Every structure is written in structure tokens, then in C-alpha cells.
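Read the single chain below, which is given as C-alpha cells and is the form predicted on its own.
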């Protein structure tokens, strides 16, 4: 058997999407799931809004429950599931295991840095649009960009190597040696959109039609800009409210991942999105009352 290029931990919408296109490019991919009896999984990918609109393809993936060391690990589980998921495969992680985090929210990678301090840990962010129409049925709803980098200079060469390996995939990722700034921009958008879609029980674009939601978005973005400037040492490159509204408009028909989790009665990533923002603000001695209020409201709704 040829060596496994990538193991995907958390084959939900984004995990399945990346697994699909990595395999499509000829890489060896295995899935890591919570279902001990699952040895294979059929994933249906639907192209929507790009490529062959409405076209469906189905591909079989092996589910790996072996105890052999993992060479490269793509982590796409929900942020709040990260610690439990990594503990379950800790015996397979070595100093040679490259771990790439591609998740919503911030801070989950710190679990890997604590558990596996000698393993290369790199971070990614993507704007590829994907959602789950049903179990194992993924809709690729829109093309985006994928960026990969490391917070530690010693692991930057590993980030570059992944970008090179993935150049022949559909994603054509880019390397960014300041990946933290990109992660913060994505966090800002998530703070402005995701929790409000839960509070208003609406799709992304519907927020723009609600005057009270727009007032909240403006206040949220102003607070995030202040925290970002303190963390990164530079002001935002463009007004975050303008950026958030643009994203809400372009993804108008989408349900945010947080809203999907809320409607399914599942835990949300609020603590790794707005919760992370509030935590950083407190560390810096900054006041973010609007984000704190939204955090409290969503926590109450999802308890």
C-alpha cells in the first residue's frame, strides 16, 4: 500500500470537500471518524454555482482505524471538538506528523501545540463555500481562496511544502507568512455574521434587511477593529463593516455554520469565535460590550 498523504480528522462539509479534491488530484486520503465500525464512506459531491452546475459525483473513501503513525493530518472538526478528537488519535501523532488546522474560530490549534509540541503545526483559512445537504452529501456552493501559513517561523517551510503539494488541486492555495492577520479577518467576519444569524434565526443575507441587526453589526465590527489593531499592531486594511456586509450579501442564501448547529440542537463554535474575541479584549484591557452581550445571548439560547 502506498503511504497515506493525508488523514482528514472531521469529514464534515469542509473536511469532505478537501478530502474529495485532494483525492481527485491523486493524493492518498483516509478519513478519521468517530464511528468505530465504519470502514468506508461514500461521499457525494454536488457542484453548485461553478464548474458543472447541478452535477453530482460519488467517491468512496477508506475510514482508517489503524494504529499506524499519521504522516499529515488535516484537522477540520468543529473547534470545540478539537481536544477530544486529538486525544483519540494521540498515539498516532509523532514528531514527524504535520498538523494543518482548517477550522472556523480561533485558538483550537493551541491544543495541538500543548499535546504535541514537537510536531509541526500550521494553520489555514479558506473561503470555499460548502455545506452539507444530507449525511455524506456535500454541496460545493462557491469557489474561494485558501491560504496556509504558520505562527512559528520554524514551521514556515512545512507550510510552503503543503502549498506546493496542493498546487495541482482545485484549491491552488497560497502561502502567507502572516497568516494570523488573515485568521483575524475571518474571525471578524464570523463575529459580525454567525452569532446574529442565530439571534435572528435567519440566513446571512437576511441580516442586511434588518435595521436592528445592522446596528449590531456596526457595533460588533467597531469593537473587533479595536482588538485587531491591538493584537496585530496595525489598523484593519478596510472597514470591517463593509467587508462583513459584502460577505453577507455574497453568501446571502447560506445558513451560517453556527445557525445550522443551533437548528440541529448541537453545540456551536461561539466560544471560539465571539468568545475568543471577548477573551482577547479582556487580556488587552479593552471593552467590547456589544460582543459580550451577543456572546451571552447565544450561550443562553444554546445551553
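Residue numbers count along the first chain shown, from 1. Since we're looking at a predicted model, the values are computed, not measured.
Although not depicted, the form predicted together with a small molecule is the subject of the following passage.
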Within 4.5 Å, heavy atoms only, which of 216, 97, 204, 125 is in contact with the small molecule in the predicted bound form? 204
Among 143, 186, 174, 136, which has any heavy atom within 4.5 Å of the small molecule in the predicted bound form? 186
Please state whether all three residues 79, 82 and 110 have a non-hydrogen atom within 4.5 angstroms of the small molecule in the predicted bound form. no
Using a 4.5 angstroms cut-off on non-hydrogen atoms, would residue 104 count as touching the small molecule in the predicted bound form? yes
May I ask you to check whether residue 247 falls inside a 4.5 Å heavy atom distance of the small molecule in the predicted bound form? yes
Although the small molecule is absent from this view, report whether residue 148 comes within 4.5 Å of it in the predicted bound form, heavy atoms only. no
Indicate whether residue 193 is a 4.5 Å heavy atom neighbour of the small molecule in the predicted bound form. yes
Looking at 29-37, 61-69, 253-261, 274-282, which stretch has residues with any non-hydrogen atom within 4.5 Å of the small molecule in the predicted bound form? 253-261
